[in-house]
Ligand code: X2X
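Given as structure tokens, the chain that follows is alone and in the form predicted alone.
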């Protein structure tokens, strides 16, 4: 966070004239593309914050890894170089708070109603308390990154057996690797910015992502089939550097947190609508969809000890809170 006086500024990537420079300038960074709903809503929040504070506060939005990789940005928000960082609990924040990944377990959420009942409820509160222990302050609302689905270039995935031996790209994270190994696949951890090339050169035959990411990354150009498995749900915590945040006046904290949380709620609606419309858009571009029965996948994870293993890692307290909304997993 920087505090400046008497300088002119251009905020948020679009032209906006102001009578005076911002008194408080906050950096808000994440890895999503410029066209992603998260970026759009973040910029809207920045404009509202600037307006409501009469230019006292400038929220500078840095999407698309402009300030470095997720690992780099996590280090920066811990050090205070970044004020607010939007990141996944599954494979980013979990490097510091292992339990933050619990919501990414395979096949636990049947729909968005269950997601938000869980994450805006008792489990979300418990995870926030764990995050605060590492001197990061999470905003109240998570930002939706969508349900994830499996795409392939070789054949449709209708059952767990169709994943046996498949070379599939997964993000860097133990939860993904563990799940796809249980299915008998050969998961390869590859960074998102290398995904398209890996698919194009046949380093891997498949990958898994939300429809929004499949669209924005042009995955349809290098994949033929998409199984609507909804096997994992991902979302982002918005975390603030504790020292920087607590140095802000209470009225500034209120305006910033209120608008960021509202942006998260608006973005959730965007993603829900996109999940309905993007299937048609991608189908017209040539992606062939199928809708497998997910229960055999969930049973395969049970039989393979996936849930039992992760229950031991997360502990009985968090596991019991999770099962209150998603039902028994083991």
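Only a predicted model underlies this, so the values are computations on that prediction, with no experimental measurement involved. Positions refer to the first chain, counted from 1. So that the term is clear: the rigid core is the largest set of C-alpha atoms that superpose within 1.5 Å between two forms.
Just so it is clear, the following notes concern the form predicted together with the named molecule, a form of the same protein that is not shown.
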query = Want to guess which of 153 to 161, 196 to 204, 234 to 242, 128 to 136 is within 4.5 Å of the named molecule in the model of the complex, heavy atoms only?
reply = 234 to 242
request  = Find out whether any non-hydrogen atom of residue 169 is located within 4.5 angstroms of the named molecule in the model of the complex, and reply yes or no.
outcome  = yes
message = So in the model of the complex, is the named molecule close enough to residue 148 to count as touching (4.5 Å, heavy atoms)?
response = yes
query = Would residue 177 show up as a contact with the named molecule in the model of the complex if we use heavy atoms at 4.5 Å?
reply = no
task = Answer for residue 259 alone: is it within 4.5 Å of the named molecule in the model of the complex, judged on heavy atom distances?
result = no
inquiry  = Please identify the residue among 94, 229, 213, 118 with any heavy atom within 4.5 Å of the named molecule in the model of the complex.
reply    = 213
key: Post core alignment: residue 219 C-alpha displaced by 2 Å or more between the shown form and the other one   = yes
request  = Look at residue 148 and decide if its Cα position differs by 2 Å or more between the shown form and the other one after superposing on the rigid core.
outcome  = no
inquiry  = Using the rigid core as the reference frame, would you say residue 127 shifts its C-alpha by 2 Å or more between the shown form and the other one?
reply    = no
